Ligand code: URA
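In the block that follows, a single chain appears as C-alpha cells, in the form predicted alone.
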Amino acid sequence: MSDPKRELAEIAHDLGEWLRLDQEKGRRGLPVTAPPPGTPAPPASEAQGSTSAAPSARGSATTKPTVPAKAAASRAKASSRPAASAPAASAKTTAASASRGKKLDKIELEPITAAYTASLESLKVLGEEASTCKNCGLCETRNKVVFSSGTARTKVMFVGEAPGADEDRQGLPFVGRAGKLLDQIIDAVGFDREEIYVANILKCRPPNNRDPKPEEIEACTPYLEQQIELVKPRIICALGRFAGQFLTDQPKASMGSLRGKVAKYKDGTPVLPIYHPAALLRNPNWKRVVWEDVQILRQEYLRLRDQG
C-alpha cells in the first residue's frame, strides 16, 4: 500500500523541480502552453474528495526524460559553457531564482473596500442559512454542511465537486489528502490559500463519495450562484468534471475537453477547469498538466486585475 505522505511529498517535489528549471531558463513570465507531447488521454470521469475513480493511465509510458534527468542535463549543459559567454541578464535571473526558492512570487492582496466588507457579511448570513438546508436527501446523511473557506481578499475562487469524509467531519472544504495537495499547488503558484475563496458544487457529502445526482446539483447550486455573485471573483478555477461542466454550462463535456481552456460562467466571469487534486493523487502523470494549467490561472488573474 502506498504512503499518502510520500505521494504528496513526491508530487510537491516534482512541481518544484519544474518551476526551478523554468526559472533557470529565464522565464520571468508565465507562458500559456499546451500539454506536452505524449500526455495521457483524458479520463472518462473525474475523482471527487479522496475516493473516486482515477483518470485513465493510458499513454502514461513515455520516452521523455524524467525531471531529475532533465535537471541533470540542464546542469551539465550550463557547466560546459565558457563563463564569458553567459549574458549578465541570465546570471541575474539565476540569482533571483535562487533567492526566491522553488515558488513563484506571492501575489499581493487586493485592497479592503466597503463593498468587500459588505460581501463578507452577506456570505456569513448565507452560510448560516445553508447550515440548516434540507433541500435534498443529503441532509439525512451529512455530518456537517461544508459551505466555504477563505477570505476572498484575492478575487480567485476555487470550486470543487463535493465534500469528502474529512470535509464532512470538519465542515471545511479540501482538508483531506487532496486538500493538502491543493494547498501546495496554490502556494507554489503564488496565491495564499487563506485569502482566496474555496467552495463546492454540493455543500453536503454524498454517501460513499458517489457522484452528485442531477437533483442534488439542482437543489444545491443556488447557494453557489449566490456565493459567486457576492465574491465577484475575477476568475474561477473549476476543480474536476462536475464543477467544470456546471460552471461552463457544458453538461456533456469530458474533462479532457474542458481543462486548460478559459471559458465563461453565465455572468461572464472567466472559468478555467483543471483536474481535481484527487485525480492527480491517483495518477501522478497529470501533475505537469496541472502545473501548466495553474500558471494560466495566475497569468489570467494578474491580467484581469491589472485591467481594473
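These numbers come from a predicted model, not from an experiment. Residue indices: 1-based, along the sequence shown.
The discussion below concerns the form predicted in complex with uracil, not included here.
- Using a 4.5 angstroms limit between non-hydrogen atoms, F158 is distant from uracil in the predicted complex.
- Within this chain, A162 lines the site of uracil in the predicted complex, having a heavy atom no more than 4.5 Å away.
- Across the options 172-180, 150-158, 110-118, 229-237, residues that bring heavy atoms within 4.5 Å of uracil in the predicted complex belong to 172-180.
- Residue H276 is the only one in 259-294 with at least one heavy atom within 4.5 Å of uracil in the predicted complex.
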